[in-house]
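Only one chain is given next, in structure tokens, and it is the form predicted on its own.
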């Protein structure tokens, strides 16, 4: 793995390369070179298997981090290619032409984080949240509690229970239930 990254270091100006194991590395590449590098890794370095694509919201830095995780089945190694994009009006070149399933990830990230992937099939269709018009729900500044309070009404019959006490009562219905204190949390 190290030899591969050393070989492409100057071509892609890799940043923050780290090795989790001898067979798993993560590196950061610029937005402009990311899809070219993903393509190169697939076509020339044997990373034929697309594992997944994910996103992290770095709200403090006003960035979103995309991660393309690729696997080389012959060498039994993995590489995570990280790309930072702006959080305001986020957009990234589509890579759906490289692996058929990648458009599904891009569609999910569009709904969850608001990232546009121009040209990606069905990217503007609902993925899970039909009719969702609110701020993308996976951004860290989306207020889940506020949304729930404004959208849903409290229902009678609901109660909150201590899980340990509740399970003790369910499992041992003929014994008196008392909440036990956990010494680690006093």
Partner chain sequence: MSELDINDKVNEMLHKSEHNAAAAECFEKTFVRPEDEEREVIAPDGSIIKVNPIYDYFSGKKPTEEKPCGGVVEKFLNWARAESIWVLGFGTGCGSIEIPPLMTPRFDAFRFGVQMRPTPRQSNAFIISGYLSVKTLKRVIRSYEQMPSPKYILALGSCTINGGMYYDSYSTINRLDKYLPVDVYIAGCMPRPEALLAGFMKLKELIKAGKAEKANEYARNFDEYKANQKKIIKDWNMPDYNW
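Residue numbers count along the first chain shown, from 1. All values derive from a computational prediction rather than experimental measurement.
In what follows, reference is made to the form predicted in complex with its partner chain, a form of this protein that is not presented.
Residue contact check for residue 152: one or more of its heavy atoms lie within 4.5 Å of its partner chain in the predicted bound form. The shortest heavy atom separation between residue 62 and its partner chain in the predicted bound form exceeds 4.5 Å. For residue 127, a non-hydrogen atom is located within 4.5 Å of its partner chain in the predicted bound form, even though that partner is not displayed. In the predicted bound form, its partner chain lies within 4.5 Å of some heavy atom of residue 142. With the partner omitted here, the stretch from 130-138, 115-123, 64-72, 36-44 that lies within 4.5 Å of its partner chain by heavy atoms in the predicted bound form is 130-138.
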